[in-house]
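Coming up is one lone chain in structure tokens, specifically the form predicted on its own.
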Amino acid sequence: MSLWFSITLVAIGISLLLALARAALGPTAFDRVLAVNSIGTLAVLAICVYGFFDGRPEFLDIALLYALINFIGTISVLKYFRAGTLGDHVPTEKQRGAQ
């Protein structure tokens, strides 16, 4: 490949290692969720860079789909942390106190 491709992949790799460290060391669950979201974003970036340097623009469609899945997954996990459920049923204060 080219020098720029190698430099870009090294930069993405370093960012990935930093995000993995934050996911492992993060003091709260929200720090860990943010780190996993960052890892997903770096994966999207790596797919885009590979598609660009390989001359395959259809990889951008794959990266866009992966970005949407990453976004929906992050929102789902955060909703689960906040409400305790992924369904439509949101427990009232009285029901939460009984548990």
Partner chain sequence: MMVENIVTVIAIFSLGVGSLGVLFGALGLLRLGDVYQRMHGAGIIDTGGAGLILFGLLLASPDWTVSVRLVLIGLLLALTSPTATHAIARAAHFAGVKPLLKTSPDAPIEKGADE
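Residue numbers count along the first chain shown, from 1. The model shown is predicted, which means the values in this text are computed figures rather than measured ones.
From this point on, the text means the form predicted together with the partner chain, which you will not see here.
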Contact label in the predicted bound form: D61 to the partner chain, heavy atom within 4.5 Å:
yes
Contact flag, A83 vs the partner chain in the predicted bound form, heavy atom cut 4.5 Å:
no
Residue-level contact is defined here as any heavy atom of the residue lying within 4.5 Å of the partner chain in the predicted bound form; does D31 satisfy this criterion?
yes
Taking the partner chain as it sits in the predicted bound form, which residues of 49-76 have a non-hydrogen atom within 4.5 Å of it? Please list them.
V49, F52, P57, L60, D61, A63, L64, A67, L68, F71, T74, I75
